[in-house]
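In structure tokens, one chain follows: the form predicted alone.
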Amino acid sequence: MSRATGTFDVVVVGARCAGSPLATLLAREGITVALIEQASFPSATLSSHIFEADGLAVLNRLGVIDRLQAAGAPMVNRVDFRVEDVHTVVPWPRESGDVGGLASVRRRVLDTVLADAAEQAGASVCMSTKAVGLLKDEGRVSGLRVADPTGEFELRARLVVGADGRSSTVARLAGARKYNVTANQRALYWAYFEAADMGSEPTFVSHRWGDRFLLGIPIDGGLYQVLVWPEFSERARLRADLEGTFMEQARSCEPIAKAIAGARRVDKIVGAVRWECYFRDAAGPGWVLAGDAGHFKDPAPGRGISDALHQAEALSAAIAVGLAGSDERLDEAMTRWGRWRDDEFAEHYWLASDLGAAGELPAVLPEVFRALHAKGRADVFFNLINHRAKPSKVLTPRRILGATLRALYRHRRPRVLAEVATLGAQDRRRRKLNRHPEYAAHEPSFEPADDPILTTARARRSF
């Protein structure tokens, strides 16, 4: 991995879960690509690093599954799932040809494997290289000014791709606006444990009840990852005793408590307190955004990595078509891809916000899952998380009506009707926002870096 020079078809900024796969796919098509990354791999980044069957399918097509398994990352094909008072242990849904249901791989491992694949495919990979400016010809982006330890230099290209995360330099330099912004309602912390009791079969634990939300999963290196999502009401306790509060919440979930009962925590507890979710303008003359640079949803469903991989595949095809024509045709192709991105991810964006919301879930949602599970169709719900079903096709009016009637009978709470009315009004507003986005007036500030709850570097906020 050395300094790239000259002119390329495409320059990709960011070599993690969106940028490296995109560079790999483009290079395999004979497209000349420079891949720029400001870090030096292996390098950790703030990430819950869980990905699902559809993401594993992309990784398989990239040819990196063997390397990930060699790092000790198990394929997880079973889920221990609880939503309020509904609890089950069932297989995670897979399609024919899927290599696994879920997996979790630390980013210092995953991102290194992905960057190596890009280089092997023929991309010019430049580590420890930072984007510092966009080059323009007659208002159209025509390349990138970058800096490495030896100084600044220029890379010319027909297209610059920003795959550089939530704090995207390319997005800032291009003036990409955020829209349909939402704020998180829970913090997120995770830790790793060695010598955990993972049972006879690798299992993904996802329990959400009352004010509690926890995940557990075996990961690479023989470790077990525990993720807790405390509400902001726990802020004072977290400040006073992060480890004690984390462990108390972890042990409140029976299967996680069993897994870590005789285990030892390794490394520190890491996480984040404040973030915002958004879409950004996807493209403009000579530039396009991919992954978290262009769209970030609440990490509650663990979709960040799989969505980045999914976008990389779709964007590589759009770029290949666009490069075959004029610059105007290329820009039109990127605009079409941006519309596809918004259509593809809008419903899942709002679902992620609901799954990460504070407090108890509306009573009708557990009832929908209860009915699906009773019919042996739990896979219908889990395919929402696999991004193989749209929320509007699962949470249909008929299912919501049936769930409402059952919830009224089961809970005998007048508030059920109020919850359903609120959900209906919320859905109408979101549909309107999907058609007519609401742009953010400005870039909001984050909490001060010296807040003791913030336990890890904030330079790259990625889940």
Ligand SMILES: Cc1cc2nc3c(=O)[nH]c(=O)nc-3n(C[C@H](O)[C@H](O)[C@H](O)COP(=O)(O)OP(=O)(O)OC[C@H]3O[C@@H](n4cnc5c(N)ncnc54)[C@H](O)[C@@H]3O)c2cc1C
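A residue's number is simply how far along the shown sequence it sits, counting from 1. Model, not experiment: these values are computed from the prediction.
This next part talks about the form predicted in complex with this ligand, which is not shown.
Asks: Please identify the residue among F246, F369, F296, F193 with any heavy atom within 4.5 Å of this ligand in the predicted complex.
Replies: Result of the distance check: F296.
Asks: Under a 4.5 angstroms heavy atom criterion, identify the one residue in R265, K130, R94, R235 near this ligand in the predicted complex.
Replies: Contact residue from the list: K130.
Asks: Please run the contact check for A272 against this ligand in the predicted complex: heavy atoms, 4.5 angstroms, yes or no?
Replies: Yes, A272 is a contact residue.
Asks: May I ask you to check whether A57 falls inside a 4.5 Å heavy atom distance of this ligand in the predicted complex?
Replies: Judged by the heavy-atom cut-off of 4.5 Å, A57 is well away from this ligand in the predicted complex.
Asks: Would A363 show up as a contact with this ligand in the predicted complex if we use heavy atoms at 4.5 Å?
Replies: Judged by the heavy-atom cut-off of 4.5 Å, A363 is well away from this ligand in the predicted complex.
Asks: Wondering, does L188 line up within 4.5 Å of this ligand in the predicted complex on heavy atoms?
Replies: Heavy-atom contact with this ligand at 4.5 Å: present for L188.
Asks: Counting only non-hydrogen atoms, which stretch in 22-30, 403-411, 36-44, 420-428 is within 4.5 Å of this ligand in the predicted complex?
Replies: One stretch meets the cut-off, namely 36-44.
Asks: Indicate whether the candidate residues V13, H49 and R166 are all in contact with this ligand in the predicted complex, with contact defined as any heavy atom within 4.5 Å.
Replies: Yes, the whole candidate spot contacts this ligand.
Asks: Heavy atoms within 4.5 Å of this ligand in the predicted complex is the criterion; list the residues of 331-362 that meet it.
Replies: Not one residue comes within 4.5 Å of the partner.
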